[in-house]
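Given next, in structure tokens, is a single chain: the form predicted on its own.
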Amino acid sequence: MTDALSPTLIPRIAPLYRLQWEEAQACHVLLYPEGMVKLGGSAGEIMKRIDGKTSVAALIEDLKSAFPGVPLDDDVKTFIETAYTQGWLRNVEPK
């Protein structure tokens, strides 16, 4: 994990992607014009909280409330960095 991910960063799902629950896969998926990305349970929990309004820090706090006692800070930050690298996420631009 790098220190490049600011806790005040507000991510949103990139325009060509859509998050949805896929009953046939029994998991969350990211749909895009060329296909689908199947998300594991942890990734789905993170992605379903990305709404373009919530900062990374607030997202982590929400996950800590949902999963008390689980040390997840570094894993969440690493996943979000990976999602940016894959093009799944964009920054919300300040107004």
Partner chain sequence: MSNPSNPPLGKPLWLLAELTYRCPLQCPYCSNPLDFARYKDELDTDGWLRVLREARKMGAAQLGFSGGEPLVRQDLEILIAESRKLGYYSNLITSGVGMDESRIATFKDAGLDHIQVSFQASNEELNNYLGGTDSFQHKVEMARLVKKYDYPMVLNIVIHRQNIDQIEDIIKMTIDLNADYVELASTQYYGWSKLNEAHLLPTREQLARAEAIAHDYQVRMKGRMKILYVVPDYYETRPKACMNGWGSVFLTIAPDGSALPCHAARQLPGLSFPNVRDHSIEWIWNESPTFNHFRGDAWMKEPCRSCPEKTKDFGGCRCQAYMLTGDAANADPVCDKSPHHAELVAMVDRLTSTPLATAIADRPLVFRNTRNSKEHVT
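Just so you know, these numbers come straight off a predicted model, no measurement behind them. Residue numbers count along the first chain shown, from 1.
There is another form of this protein, the form predicted together with its partner chain, and it is not shown here; the text below is about that form.
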In the predicted bound form, residue 22 touching its partner chain (heavy atom, 4.5 Å): yes
Contact label in the predicted bound form: residue 72 to its partner chain, heavy atom within 4.5 Å: no
Its partner chain contact at residue 32 in the predicted bound form, heavy atom, 4.5 Å: yes
Contact of residue 27 with its partner chain in the predicted bound form (heavy atom, 4.5 Å): no
